[in-house]
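Coming up is one lone chain in structure tokens, specifically the form predicted on its own.
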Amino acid sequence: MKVSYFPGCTLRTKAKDLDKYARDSALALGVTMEEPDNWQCCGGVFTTSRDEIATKLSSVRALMDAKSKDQILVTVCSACHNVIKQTNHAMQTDEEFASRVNNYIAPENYNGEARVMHYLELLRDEIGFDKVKEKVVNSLSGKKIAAYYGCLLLRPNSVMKMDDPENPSIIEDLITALGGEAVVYPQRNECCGGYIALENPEAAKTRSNTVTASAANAGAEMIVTACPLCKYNLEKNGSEIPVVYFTELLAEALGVK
């Protein structure tokens, strides 16, 4: 199986190992991830202004590349996923926005035909957690692991449609497939404060520490997240338990780390 893969800026610079874990794990599961040629930053955040076209064009180009190959466009970073999926939804549902974008990219035309999936959805819906479980060579048995979703992976639910935004299970189901014990705790889908870290570092630290303390108090030995910014923020603010990216946990269990 071949899919298009948008790695995003963080996983190709400061977090290259997390990108490698994603690619190597996919190969171990029978999936080849093909990077679009000349991709650019997704824009970093999805602005809701309908006049803001320029920052969304790089996402549209990646979507068009996947469409041309008749492939699913897979993302690993939750921020990239949020921007690209919301852009694709806007191209499908907002006629004025789509028309303005297509004026930029003419004579080509795009109207949201590509299918966007997060890597976690690829594991669940295309590969299947049962197959993932079969491929495990280093079981995480005995490890109590807390899933941290953050803000961008599941919201807005009307567009992302990945899981229940209030009571998600996709990361917990992955933890279970890898042999670990999933720890459910109150703060698992609350904000870590990452987006206010520069403006108000103390507030970001308070938010971050609330999340990690909640996980630790529930008995977790580590936290796993799908957002590089969340991982950075939780670690930077002194998490009392290790914070790992989900691709690293997957690679470890599959024996490709």
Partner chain sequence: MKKELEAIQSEVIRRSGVNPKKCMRCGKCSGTCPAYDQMEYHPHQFVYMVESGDIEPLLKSDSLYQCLTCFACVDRCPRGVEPAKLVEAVRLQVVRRQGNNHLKTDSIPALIDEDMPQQALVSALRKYSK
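Being a predicted model, the structure only gives us computed values, none of them experimental. Numbering follows the first chain given and starts at 1.
This next part talks about the form predicted in complex with the partner chain, which is not shown.
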**Report entry** Proximity of residue 232 to the partner chain in the predicted complex, heavy atoms at 4.5 Å
**Finding:** yes
**Report entry** residue 20 within 4.5 Å of the partner chain in the predicted complex, heavy atoms
**Finding:** no
Report task. Considering only heavy atoms, tell me if residue 197 and the partner chain come within 4.5 Å of each other in the predicted complex. Result -> yes
Report task. Classify residue 70 as contacting or not contacting the partner chain in the predicted complex by the rule of any non-hydrogen atom within 4.5 angstroms, answering yes or no. Result -> no
Query raised in the report: Though the partner chain is not shown, can you say which of 179, 112, 168, 156 has a heavy atom within 4.5 Å of it in the predicted complex?
Result: 156
Query raised in the report: Is the partner chain close enough to 28, 118 and 141 in the predicted complex that each of the three has a heavy atom within 4.5 Å of it?
Result: no
Report summary line: Given 120-128, 104-112, 170-178, 148-156, the stretch touching the partner chain in the predicted complex at heavy atoms within 4.5 Å is 148-156
**Report entry** Those residues of 30-68 which, in the predicted complex, come within 4.5 Å of the partner chain by heavy atom
**Finding:** 41, 42, 43, 44, 45, 46, 47, 48, 49, 50, 51, 52, 55
